[in-house]
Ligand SMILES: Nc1ncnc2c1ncn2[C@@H]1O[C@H](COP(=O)(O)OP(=O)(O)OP(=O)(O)O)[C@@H](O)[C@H]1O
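Only one chain is shown below, in structure tokens, and it's the form predicted alone.
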């Protein structure tokens, strides 16, 4: 059974098709990379899956449940979490409390912090490698550290499916290597991952499969090796178009 399934998913903004008739599925335990040039529709797809936008047509299924018209908080409670392309920490709160917030708001919006919430948050900071920054205001973290905090906060919601939006963007080669190791550790926790990666720095190293988009349409799907040899993918990334275009 697929964990996530998109059926003829389309989104139109005015006269522009951001996504058109996307058919795709992700199986439990997979790491799938979502690749394509700027404007391909990658973030729009994440927004449709998580309920930030509603599709113009088509359906989103999660564990065989139709979540197409569910609200974002309802989708989160079903087991889908995400990070964003730009980090959005509570800048004045400590790094630890940022993760605790993700923990307590993922359940019944109970504002009472339990010792187990703090313990779980501390463990997640250890997992992502910033436990030593637990007491520091989140706004004082570096870009790489804020990305790690985003991941810890998302994991605090106990997702079955985690959507990562450009989690390694702007990273040094050393930081990318660390991100690879971190993503693989997250999968070991039983989390399925769907990763937007415009520059391919991360997805080529960790993905079981790639889904390639160009101008709102699926142009390739398969192993990283197969997709990166695909002529349509090469055209999209190198800016080459067919003569009839």
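Quantities reported herein were computed from a predicted structural model and do not represent experimental measurements. Positions refer to the first chain, counted from 1.
The next section is about a form of this same protein that is not shown, the form predicted in complex with the named molecule.
Annotation: in the predicted complex, residues 24, 56 and 68 none come within 4.5 Å of the named molecule through any heavy atom. Among 209, 205, 198, 218, the residue placing a heavy atom within 4.5 Å of the named molecule in the predicted complex is 198. Only one of 50, 192, 43, 178 lies close to the named molecule in the predicted complex, with a heavy atom inside 4.5 Å, and it is 43. For the chain shown alone, residue 166 is a contact residue for the named molecule in the predicted complex, at least one non-hydrogen atom being within 4.5 angstroms. Using a 4.5 angstroms threshold between heavy atoms, residue 39 counts as touching the named molecule in the predicted complex. Although the partner is absent from this view, residue 18 contacts the named molecule in the predicted complex, with a non-hydrogen atom inside 4.5 angstroms. Mapping the unseen interface onto this chain, residue 85 counts among the residues with a heavy atom inside 4.5 Å of the named molecule in the predicted complex.
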